Each structure stands twice: as structure tokens, then as C-alpha cells.
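Included below are C-alpha cells for two forms of one protein chain, each presented in isolation as structure 1 and structure 2.
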Structure 1
Amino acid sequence: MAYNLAPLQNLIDQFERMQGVGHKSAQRMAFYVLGLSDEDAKAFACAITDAHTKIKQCKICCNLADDDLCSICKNEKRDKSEICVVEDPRDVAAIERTHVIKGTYHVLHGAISPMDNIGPDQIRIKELIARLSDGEVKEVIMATNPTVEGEATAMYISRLLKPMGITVSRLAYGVPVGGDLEYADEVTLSRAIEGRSLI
């Protein structure tokens, strides 16, 4: 449904470009904006330009940062001999919540996916290799997604790193805590059995 009002239609189009937002949702969002007070509308627009201009990538780990370095790379207490490699800045936040990783991260910003024309050069693998040259790093934990692309990326990087004498590990596959065996898929369940540990 097209409105005759160009500014409104433009705003609907802008919202609709976002992944996962359909036409009806975009319309509802645009009407939400129209219903805002003057200050709130300005604050919303400012939040967009602000986030876009102020958020950069950390020069070491490629994580999001509002400075040259991200808060994790700046932190002197973090173990610089351990790097946890993830696909996306959101994964850093998810792993940080577990408080298990004491080291630093490296954000690839994607995974190798020939189907989508994403090769090793399109993600931040070069930057990772550069971090390993001084010999300080002892272990690299591959925490890419448990998907075909994530797995391929983990394999690719581990083959590059092993000749450098660095330990490369991968997240464990298995049944999720609190899950129900009955509903676990066969692949997950067979990986959980293969990876069983003594109790």
C-alpha cells in the first residue's frame, strides 16, 4: 500500500530494508516515528548517525569499539596468550556472559562461504595471522558457529595455524544443557556420544 506522502513512504522503505522487517512492520515503525515528540524523533535520528560514526573496529581484534582499541584488548588483565576466534561481534558479547574466556578475541566478521562468494580474503583472517607473528599466543580457540560455513572456517584457520606451533581447539559439540534428548537431532546426538567423557 503506497501513501501519497513522499516523506512517509521514504521512511517506510528505509525500515523495510532491514532484514526480517516486512511491509506491515515497517509501516507500524514509521507511524511510531510520526507519533514521537520532536525531541524523541531527533534523538532517534541522532542515535543512528551517532552509532554509525562513533562505532569503529578495534585495531587489534576487529571487535566493535568506540576507540582505537576495544575494552577487552585495552584490559591488561586479559590473557594475551589465548585468542578466541568468533564470526560476529554479537558472539563476543554472548561468550563474555559466560565469564569463561580469560583471553582476548578475534572477530572474523563472517565465515568462509563459497556459495555467497565469501572467501578467506573477505573475512579478517589476515589480521588474525598478523597477531600471531610475535609468538606470544599459545592457544587459539575456534568459536565459529556450528554450521557448515563456521566449521569450514575453523578447519581452514586451524590448517594455517598448526605449522606455526599454536594449539588450535574447537568448541565442543553436544546436547544443550536443559535440552531433551528426545528432541535432539541425530547429528548433535551422535557428536555428543562421540565426545562423551568419563565421570
Structure 2
Amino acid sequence: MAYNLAPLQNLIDQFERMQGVGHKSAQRMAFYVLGLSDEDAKAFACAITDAHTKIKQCKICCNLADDDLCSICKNEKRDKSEICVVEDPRDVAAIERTHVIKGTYHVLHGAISPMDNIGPDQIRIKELIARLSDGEVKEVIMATNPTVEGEATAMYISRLLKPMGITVSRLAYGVPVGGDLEYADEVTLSRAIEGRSLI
């Protein structure tokens, strides 16, 4: 007879649904949760629920926020003439660690990927274009991942922005092709940002 507890298996299955988490890691996390005291388990569950219900998208840049605007968009010291476009909120955190970008961000929440049925309307491109209508923005830095999808997204947005007279640049290739910005170290990201080129 197989050893199987339905609640434990359900917990393992939920952890296994997380990106990059395999069966053994999911199992370890599930047993960790089982080892928590009732109080700690409730706090853990509450943290998940709070994050899910209280975190939303910034009304300006679509980054994660716990208010209508994220802390970067609220910051009056940020250069509003520069927007760094990224695919994912994790990319904002990675680039912010470099302290190189002095402007603001725009989070697309994905990349154009015909194979996955993700077109321009499924990501936050319309919101980006709407931000550019007042003429304040002078440069858009394309910091999408150096993948086929990231490149396609950067080129698509670049073509949309050229008639607007906005300078569009792309991160230099210090970031490995096929890699995610989230995993790049600060030095590599800094060099990629400083060595960006027009597209």
C-alpha cells in the first residue's frame, strides 16, 4: 500500500506549481510547513493571503504596489523623462540594485510570444503608450530579457515609439542571451545599462 496523505499531497502539489520548484523541493517545503507551530502556520498563511489581496499594480507604471502608486512613481526625485521598460516586477528589483537608473519604470507583465498566444494586447504596451502622450519622456530604455520573446517585444515597442520622436535604447549585451535579468549580478546589469545602444 502506498504511503499517501491527501492534505500533504495537496500541499506538495501546490508548491510544485511554483515556477522552478521540482517535486523534491516542493516536498521539503511541505514538510517545513507541517513542522511549523499552529501560530507560525497561521502567520504564514496570513502572509500569503495579505500579499495576494493587498498588492496591486501601480496605476502609472504597472509595477507592484500596496497603494495606487508604487514608491518609485511617488518619488519626486526620479527623472520622469526616462522610462526603463521591463517584463516583470522582479526585473525592477534587479535593476534597482545597480543604482544606475535614475528614471522610472514600466512593467509589461510578459513579452510578446506567438507560440504562447501572447500578443501585444496581452501585455501592458497600451499603458506605456498612454504615458508618453504628454511629451515629458525623452528616452525609453528597453530592458526586456535577451530572449527571442524579449527581443521581439523590444523591436515591436521601438517601432511604435520612433514616430513619436522618443529616443529608444536597448540594454547592451552584458546579460547572457537566454538568461533572466532577475539572476544577473549587479556588475553585469550595470555594464548592460551603461552600454545600451539605440534600436
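None of the values given here were measured: they were computed from a predicted structure. Sequence positions of structure 1, starting at 1, serve as the residue numbers. Under this definition, the rigid core comprises the largest set of C-alpha atoms superposing within 1.5 Å between the forms.
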Matching the form predicted in complex with another copy of the chain against both blocks gives structure 1
Mind pulling the C-alpha shift for residue 12 between structure 1 and structure 2, with the rigid core superposed, in Å?
3.0
